[in-house]
Ligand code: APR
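First comes one chain, alone, set out as structure tokens in the form predicted alone.
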Amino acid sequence: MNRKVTVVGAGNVGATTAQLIAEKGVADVVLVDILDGIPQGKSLDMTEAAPVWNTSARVFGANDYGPTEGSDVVVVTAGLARKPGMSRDDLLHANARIVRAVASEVGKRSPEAVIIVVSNPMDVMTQVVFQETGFPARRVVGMGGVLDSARFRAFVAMEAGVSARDVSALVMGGHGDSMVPLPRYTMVGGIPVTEILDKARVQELIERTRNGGAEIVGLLKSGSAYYAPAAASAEMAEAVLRDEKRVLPCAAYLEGQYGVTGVYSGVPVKLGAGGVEAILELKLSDEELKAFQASARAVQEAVSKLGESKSA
């Protein structure tokens, strides 16, 4: 029996995530969306590509959650993009309603799944899924850290003129303006980035990483990034399905680590079949820890806003 991954949301991020998982051949994929014909058409297109990809993975499209039953991994990409005139709070509340509905269905249909949350604001939506499903925290994880670290790696590689394969990087904290890229954990072929690039240039790359999504939106004029978010999501799904025990920066539920309790934030974790199998606690400097805790507080404040509106 093949493993099964459900991807909720057949937009650019969801469809590309489904493609990457199917192309790797690690699992069958169910692509779910409320728009009639969209998940079916995209799934059929991928099915017709399977002979070229030389994979036996099957891809199915659906407008309901019936075919998702018993999924091993669920990737949640559903949600709205921010529109002109819409505040961040507006987006927060709108997407929380969508994600709660998705989480309710997923929780009933695939009670043993590991859920990877991509929907924005990502850290907050991960907490929404955790609360709605009642799953153990280790089986609900957010994608942002893998994406943010990939962006930082890409920018360092571009600036240093080296292969991105030889750059390792770590970005912690929330997936947003308050994220915390860590230069002293960023290496170029094992050499600290601070020995390759000067401090001012590294700081410029940190700022570019923080604004990575906005930069792409500005270039596209309409729409947002999807290749890199999908690649990050697929990497996480593969780590779970293959029980790879990958050390990746992901949004995990903190219970005292780094002085933070009761909130999701980006930290290095060991990701395997059980989901977040361990949170790795680094010795951060006072400045790094202060920045990380401030980022976590920003997530907690947004979660609190949702709680207030839900009880009102």
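From a predicted model like this one, the values you see are computed outputs, not experimental measurements. From 1 onward, residues are counted along the sequence shown.
Heads up, the form predicted in complex with this ligand isn't pictured, but that's what we're talking about next.
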query: Location of this ligand contact in the model of the complex, chosen stretch of 258-266, 32-40, 47-55, 275-283 [non-hydrogen atom, 4.5 Å]; finding: 32-40
query: Residue 10 within 4.5 Å of this ligand in the model of the complex, heavy atoms; finding: yes
query: is_contact(residue 191, this ligand) in the model of the complex, heavy atom dist at most 4.5 Å; finding: no
query: Touches this ligand in the model of the complex: residue 78 (any heavy atom, 4.5 Å); finding: yes
query: Any non-hydrogen atom of residue 224 within 4.5 angstroms of this ligand in the model of the complex; finding: yes
query: Partner-contacting position among 179, 236, 169, 102 - heavy atom within 4.5 Å of this ligand in the model of the complex; finding: 102
query: Among the candidates 206, 228, 187, 98, the residue which, in the model of the complex, approaches this ligand to within 4.5 Å (heavy atoms); finding: 98
query: This ligand in the model of the complex - contacting residues of 107-134, heavy atom within 4.5 Å; finding: 118, 119, 120
